[in-house]
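Form predicted on its own, single chain, as structure tokens, below.
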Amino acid sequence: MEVRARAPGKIILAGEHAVVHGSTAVAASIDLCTYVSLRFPIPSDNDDSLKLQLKDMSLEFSWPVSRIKEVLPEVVSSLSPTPTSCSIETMKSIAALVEEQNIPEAKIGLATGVSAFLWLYTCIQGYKPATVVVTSELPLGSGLGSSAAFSVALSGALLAFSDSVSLDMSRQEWSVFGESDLELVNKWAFEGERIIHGKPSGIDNTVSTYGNMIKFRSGSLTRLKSNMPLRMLITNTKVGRNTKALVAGVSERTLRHPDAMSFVFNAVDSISKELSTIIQSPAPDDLSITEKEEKIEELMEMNQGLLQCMGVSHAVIETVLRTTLKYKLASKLTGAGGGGCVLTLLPTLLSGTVVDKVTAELESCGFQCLIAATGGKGVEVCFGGSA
């Protein structure tokens, strides 16, 4: 028996950085996903190992189940349906298992993801041999929530073959979890994110688990119901960024200019609130959709200007902004800034010719262009691997 799970990436529509200082942020799922398949061997396979295949990286990791049991004897002895945090001592033991795999130096950043995999797998499935295959439509480390989508899809696949959730295994199409099961997936995924990032906000895994959109402020998450998907051109500048350094830079600027930055954060808060209101309001016809898109474009431009005030833009981001502005399209960075990805709203009535032209121009600069719709489904599973 095989199960496949898929979980979407995410974008921040408004409020990044300011959310750290008490403002509201709005995040949305996108229809670019990470896929995880889980297959247990049959007796004739004579296979007693746990394998993790990262297809996009052309990497495979393999551990004899006996080795995992030897290094992590306490994990399965405390198997519980309640999501559990990984202790510092266990983290050291898991790190030893990962080091044995000799990850290439150029891809050493994957080590925390492999560690999260080992923790989630052993906590939910114990010492069973299996093969887990991961593929993704999301570029890594670009601010689109690739690690959260991995943690959510992995948690979904592992829980699908557990007694903790109730799913119809006879169905061979994509199925959604029930509300209480989604909460369990989200909590396990958050534990994976903690291993990967240390102190995640919980935004990414929540959007990936539940889909659609959320509003976030001061640790409180509110799920939003969008009545209109937004079509976005996502430009990956391929410039890496140091999120911690960028967040620290905004905080330092706030210390130097507390009054001015207070106005900036308040303005961002207003933008996020207005955006969430627009998103949830009904749009019965093309005219009202166009009016809503025009308002969203203006809010995106204002938010980008405020992000520039915070000092988190970058030369490559400005290049994308200038390029899309030539085609009268509104753009803003998404996530930490300092590189990463830029969002450009593609209005419903925009011609395909314009999209092709702006995409070609951006790609000629060496950028990667993706087109995605917001506000779709969250994590889903499929038994039999046929969907």
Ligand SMILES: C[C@@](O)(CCO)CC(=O)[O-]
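Start at 1 with the first residue shown and count on from there. C-alpha atoms forming the largest set that superposes within 1.5 Å between two forms make up the rigid core. Everything numeric here is computed off the predicted structure, so don't read it as measured data.
This protein has a second form, the form predicted in complex with the named molecule, left out of what is shown; the following refers to that one.
Listed residues Ser201, Gln280, Ser288, Asn266 were compared with the named molecule in the predicted bound form; Ser201 is the one with a heavy atom within 4.5 Å. Of the listed positions (His197, Lys187, Arg171, Arg231), a single one reaches within 4.5 angstroms of the named molecule by any non-hydrogen atom in the predicted bound form, namely His197. Heavy atoms of Ala336 reach within 4.5 Å of the named molecule in the predicted bound form, making it an interface residue.
In the predicted bound form, the named molecule lies within 4.5 Å of some heavy atom of Ile12. In the predicted bound form, the named molecule sits beyond 4.5 Å of every heavy atom of Ala372. Mapping the unseen interface onto this chain, Leu221 falls outside it, with no heavy atom inside 4.5 Å of the named molecule in the predicted bound form. The chain is drawn here without the named molecule; in the predicted bound form, the stretch among 267 to 275, 82 to 90, 289 to 297, 203 to 211 whose residues come within 4.5 Å of it by any heavy atom is 203 to 211. Counting a residue when any of its non-hydrogen atoms is within 4.5 Å of the named molecule in the predicted bound form, the hits in 16 to 45 run Glu16, His17, Val19, Val20. Core-superposed comparison between the shown form and the other one: the C-alpha position of Pro129 differs by less than 2 Å. In the core-superposed comparison between the shown form and the other one, Val19 has its Cα shifted by at least 2 Å. In the core-superposed comparison between the shown form and the other one, Val165 has its Cα shifted by less than 2 Å.
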